[in-house]
Structure formats: structure tokens, C-alpha cells
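Just the one chain here, laid out as C-alpha cells, in the form predicted alone.
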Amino acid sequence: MAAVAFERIAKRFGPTVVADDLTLRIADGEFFVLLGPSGCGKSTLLHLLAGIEPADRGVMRIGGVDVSAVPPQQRDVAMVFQSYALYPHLDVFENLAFPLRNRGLSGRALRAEVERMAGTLGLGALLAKRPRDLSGGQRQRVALGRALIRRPAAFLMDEPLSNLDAALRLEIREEIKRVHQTHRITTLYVTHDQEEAMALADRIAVLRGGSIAQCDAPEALYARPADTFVARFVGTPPMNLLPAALLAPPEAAAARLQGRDPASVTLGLRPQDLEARDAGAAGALEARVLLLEPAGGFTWLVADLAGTRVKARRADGARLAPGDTTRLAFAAGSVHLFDAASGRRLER
């Protein structure tokens, strides 16, 4: 295991900037997630660390050693891709054994390692099968096992669950977390799925346009997003963002407005913190119901609030239908404030 560091990394593909003077440090044994929309540079950072792509500028370290010019096969990292990348002509045993054979292991020692890994991932009964005979979830387990069996310094995962159906994604996600808790190999995991990121990560870096919008623990990203981009990207459903006026700005917020009009603020409310009540109920905001979205134990409601679409939880017992007027209630402590011009968080 080893700590990983990106130091002032720059990378462009033609006019497209995918890393702009980016610095990032991942602790030894940490499960670190790179989260962001398509094209923000998540996968490129993995490819740079693995040596698949060269950086234009900067230094990458694994275990404190500069690997920027080290050949890929000597960097001691293992990658798992969304496409599994198994050897179709080899059975599960030989797919798992392949990296060990490359390191000169053979005989009883090799068999013991393969059987140990197969047992860890529930593949013991599948060792004689070939990839074509396996389900998607089983193939992904083999891909994980083939990478993990090397015991690399760092484990790189590039959207490994994106080709699986919803049930399998949850199953393999739990498997990945369990394996990491057991082996504590430093892991960099790329995804655009914020729910997946929140469930797996010790820390998350939210990427935007080649730079880091915010890097923190999952709970901190959710509770105190640094700007409106993070606020909308982290959390399901996304945060409601509303134009608002601060008639008497709190001292901390006023200090960060830096001379801007105090009316130019954005108010953020998580849908979970916004309750849609019947029209006659007490509530600060009046809105018109657009549609209802049943979600099992409760119902989401989409409403028009002075021209802005918002999502809220329908209050227990509320009888609302599309076209009805509703009152939206929220606690003062659930409000997030952002500068409308920059999108940055106002209150500390």
C-alpha cells in the first residue's frame, strides 16, 4: 500500500483542458473517489497515474516515489475498467492467475493465492468457467480479483459498475467496499454517480473543468457544498436553487459579498428539507403542483415556485394533485446561501 500524490498536474487534449495545475493527495489505504460529469478529467487522472497517458506538466508520486517517467508496467498499480477486460480464452482460474504467473509464481503457491482470492469474492465454484459463461456481476468480480490478487500499491477503478443493472450495481458496490475494508489498498475510484461515490468513499474530489471544485468527506460535501455546482451535483434529488434577497445579511455572509448587491444571492434547499403541504397550511412559500413522483414510502412533488421548478417531499396526509396550490415549509437551519454571481457559498 502507498500514498498517492498529484502535484501541479496539467493535461490538455488539443484545446480541451482536462487538468489545470491540479494538486491532490490520497492517503495510504484511503478509498478516494473522483466524481464529476463526463469530460471533467476523472478518467484521465487515472490514466496519467497508470502511465497510459503522459502528463504535460507536473509530478505524480506513489509511496513518495516520483513515477512520472516510470514505464506503466513498473508503477505497481492495478486497474479495473467498466468493460471487465477479461481474457476470453482463459477460464476464471487462469484469469486470476495471469498476473501471478507474470511475476514468476507457480505451483502450489499460485494455486493457494488463486483459491484464496476466489473464496474472498465468492468465485470458488466458477474457477473452471470461461467469461462467456458468467453473468455481468460474476465477470466484474473476476476483474476485481485479477487486479486485487497482485496486491498492488494502488488500485485504480474506472467506472467499474456502469455496465451493470441496478441490482448488480448495489451488490458489487457492497463487495468492493467489503474487500477494501479487508485489504485497505489505496484506491482511486472514478464515477459520475454521486450516490455511488457517497456510499464508497472516505473522501471525494468533485471535479469541474480540469480543476477541483471541492474535496472533502461525503458528509461534508452534502452538508456544506462549496458552491452551487457541488450543491446540485451532490445529493439525490439535486438541491433546489432559488433567486433570493438578503434584506439583512448575516455578518459572515455580508463579509463575503464584497460590495455586491445583497439581493444577488441564491438560496439552496434540499428537497428532503422542503415539505409540500395543503394550500391552507402554514408555510412561507406558495407554489403550484406540476407533478407527483411516488418513491415507495413517500412521494416527491415537483412544483412551480414563481417561475422556478422545485422538488419537495409531500407532507404526510397532504392531498395534492397537479394544478393544486401548495405551501412549501422548511426550517431556517436547512437553508444554504450562495453568491449569485460566483456561485460560492456565503455562510461559513
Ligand SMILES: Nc1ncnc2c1ncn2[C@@H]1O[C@H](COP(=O)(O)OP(=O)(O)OP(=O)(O)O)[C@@H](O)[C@H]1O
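Keep in mind that what you see is a predicted model, and the values were worked out from it rather than measured. Position 1 is the first residue in the sequence shown; the rest follow in order.
Below: the form predicted in complex with the ligand, not depicted.
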| property | result |
| --- | --- |
| Among the candidates G64, G29, P54, P37, the residue which, in the predicted bound form, approaches the ligand to within 4.5 Å (heavy atoms) | P37 |
| One residue of T23, T16, T325, S334 in contact with the ligand, assessed in the predicted bound form (non-hydrogen atom, 4.5 angstroms) | T16 |
| Distance check, E159 to the ligand in the predicted bound form, heavy atom within 4.5 Å | yes |
| Touches the ligand in the predicted bound form: K42 (any heavy atom, 4.5 Å) | yes |
| Option from 42-50, 65-73, 285-293, 303-311 whose residues, in the predicted bound form, bring a heavy atom within 4.5 Å of the ligand | 42-50 |
